[in-house]
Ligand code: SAM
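Single chain ahead, by itself, as structure tokens, in the form predicted on its own.
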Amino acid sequence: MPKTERWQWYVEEFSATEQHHHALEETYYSGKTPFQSVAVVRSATFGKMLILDGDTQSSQADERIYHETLVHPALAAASDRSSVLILGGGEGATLREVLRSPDVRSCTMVDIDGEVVALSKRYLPEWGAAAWDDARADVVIGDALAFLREREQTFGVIVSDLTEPLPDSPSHPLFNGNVFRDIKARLADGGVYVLQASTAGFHNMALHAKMARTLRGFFVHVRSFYTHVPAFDNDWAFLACSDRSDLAALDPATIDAYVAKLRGENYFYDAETHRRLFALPLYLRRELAKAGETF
């Protein structure tokens, strides 16, 4: 990492021609697990940050923007949210947000990298908070693909908080037709599958569109939504998939009733935010309408 007289810098490379620099105040941990490189640092702007394979995963200042967006539209739309499955989510914040709903009776989280979970508990305790000790939580350290194929349980909501399906990522094997069929088989009738789905900027939306095109072959409703996440320095996209629920058409009164029941106050998500999340810019709508490559 380059240094100036005052700061050490974490340099995040988006492409061969684009970088984002974070001024660091402290490095808590830097190392490798059997699956990926891991760093936990504190930046001058965003506070503590989790970095996997050189990419920012979440930051103390704005992780609630990302995690509330990933979790709550899907839970608000689900006809049955009593049982939820999380794929990935090692730092625990997705689990925390799911368990804020009193309607959730059980939440299973499956993450392949137990070292990331342990490091998050040690250095990022605010992320998981009390969720790690909640009696409704079942944290499984293991292969999500094996879990999907070997378990027969179904879930009202499945949340995928995996890293992007890049060729060198441990998540890459989880983005193909066979896996999406396995996910749908674990989804209860009327359930919702939601996933983080890469970037949505005019210059970097191709992977998101490829993911959306692929999932349209498996679900009646596949809706893109997005928000800006400052620590990512990007517009970040998500996909909501269901055979029954069109999340873009979710009634504001339904969202308000759902949010009112949550334990604690939301930071980012409510019915007005929901409308903005699903109001896509024209360039993204045009890209999503194109025929093209799938997984």
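We number the residues from 1 along the sequence you see. Since this is a predicted model, take the numbers as computed values, not measurements.
From this point on, the text means the form predicted in complex with ligand SAM, which you will not see here.
When you look in the model of the complex, the only residue of 187, 104, 110, 207 with a non-hydrogen atom within 4.5 Å of ligand SAM is 110. Site annotation in the model of the complex: the residue of 138, 143, 126, 80 reaching within 4.5 Å of ligand SAM with a heavy atom is 143. Using a 4.5 angstroms limit between non-hydrogen atoms, residue 57 touches ligand SAM in the model of the complex. In the model of the complex, ligand SAM sits beyond 4.5 Å of every heavy atom of residue 262. Interface residue remark: residue 215 is not counted as part of the site for ligand SAM in the model of the complex, having no heavy atom within 4.5 Å. Heavy atoms of residue 73 never reach within 4.5 Å of ligand SAM in the model of the complex, leaving it off the interface.
Heavy atoms within 4.5 Å of ligand SAM in the model of the complex map, among the stretches 179-187, 151-159, 207-215, 85-93, onto 85-93 alone. Residues are counted as partner-facing when one of their heavy atoms sits within 4.5 Å of ligand SAM in the model of the complex; in 115-129 only 116 qualifies.
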